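The form predicted alone is given below as one chain in structure tokens.
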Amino acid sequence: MTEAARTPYDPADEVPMDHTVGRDLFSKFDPLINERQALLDTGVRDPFALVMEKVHSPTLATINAKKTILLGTYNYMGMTFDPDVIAAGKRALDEYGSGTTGSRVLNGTYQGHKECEEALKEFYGTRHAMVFSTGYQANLGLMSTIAGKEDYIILDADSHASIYDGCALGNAQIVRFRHNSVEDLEKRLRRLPPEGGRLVVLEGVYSMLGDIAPLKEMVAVAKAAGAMIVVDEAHGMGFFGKHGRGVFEEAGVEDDIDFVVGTFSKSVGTVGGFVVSNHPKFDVMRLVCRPYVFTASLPPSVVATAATSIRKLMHAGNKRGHLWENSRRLHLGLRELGFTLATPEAQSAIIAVLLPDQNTTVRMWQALLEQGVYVNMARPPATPAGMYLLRCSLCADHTDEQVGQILGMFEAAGRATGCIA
């Protein structure tokens, strides 16, 4: 050990912090800060700082002291207030406490974590299931671990941020193809050199526009090129397919998918993420996947609610049917009112209303909130450059009466802001 290493720390040796020296690391955000302030100066509310004072049900909350219909929560199957789900969480909280304070590979695996993984295996019919602390970490973990620097990850240009971030964390070479283009995917795969592994990453439902991937055709192209395939079913789990497994089940390609990634924060109604697989070597991921190894595991109450919800979703055919009725009715009604929608028909529980610019979008968002309905506002970089939209996420618990009220509120807000004639 050197003399310097043995020298004890002396606070007097510290150099005082001088905020006037060097470049302000926040300066790169100045354009966004200025743009946001200019928008707020017009008198509109901040659409990204909304507070729900009380949540009454999956479809109703108090916002600004007013009862408001929720149309932007991803609570597709309405499981957040399911009595069995809530009871399971309360029992686990009483029996196991509030948290694990440890990683899954140390002290962070409780009986509830294994039961949650068993529920996932039963739901998906797979041999392996691995629960992460968030859906973001599930993608981060799989993408960064499975492909090395000699391998290729081929992904849709509109892939979720968690997929891109997982690719950035790993060492694989990244190849993007045009959104939902089977032809471009095939072309990109043909151009790759023969050496190295290939992982094609697809999403069942794309969360911004609510459009679905042509999985049957894309899977055929990927398999012909010798690629492994992962499908992110974050927005498809619960209501696509006979068993609610997702778009890949409805497309009939279950036997060709190597990994399914998902989240508990949509249809399951809590928080967490997972990867399921039939690959015989999959369990080694528990030892080599950094976002799994180096983070605390989910609290026992959370995995208990997730396991209960997942098992109930296996038998939720009636709820799935009602959700599709809601989605088709709202899509048709908005189109008939004169709004421009991202898809020609309802493809999922997400309906995106396209608007010409940010100012118009925020004014329409605020007008809807004042009418009594909450939706999501989306802008670049969450959307493609120059695209602004209001994203509606329907719930199986929305009543027929509520869907009618929502259409009336869109009509009133659209006329008040000049978005429709």
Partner chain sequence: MTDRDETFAKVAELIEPFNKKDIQLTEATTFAGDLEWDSLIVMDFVASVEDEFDILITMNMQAEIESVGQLVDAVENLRNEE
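Positions refer to the first chain, counted from 1. Model, not experiment: these values are computed from the prediction.
Separately, the form predicted in complex with the partner chain exists; it is not shown, and the next lines address it.
- In the model of the complex, the partner chain sits beyond 4.5 Å of every heavy atom of Met285.
- Shown alone here, Gly43 lies farther than 4.5 Å from the partner chain in the model of the complex, counting heavy atoms only.
- Contact annotation: Arg191 falls within 4.5 Å of the partner chain in the model of the complex, judged by heavy atom distances.
- The partner chain is not shown here, and in the model of the complex it never comes within 4.5 Å of any heavy atom of Ala234.
- Residues within 4.5 angstroms of the partner chain in the model of the complex, judged by any non-hydrogen atom, belong to 191 to 199 and to none of the other stretches in 253 to 261, 99 to 107, 118 to 126, 191 to 199.
- Annotation: in the model of the complex, residues Tyr164, Ala172 and Phe177 each come within 4.5 Å of the partner chain through at least one heavy atom.
- Of the residues given (Arg290, Lys114, His279, Lys187), Lys187 alone sits with a heavy atom within 4.5 Å of the partner chain in the model of the complex.
- A heavy atom within 4.5 Å of the partner chain in the model of the complex is found for one listed residue only; from Ala87, Ala220, Ala157, Met314, this is Ala157.
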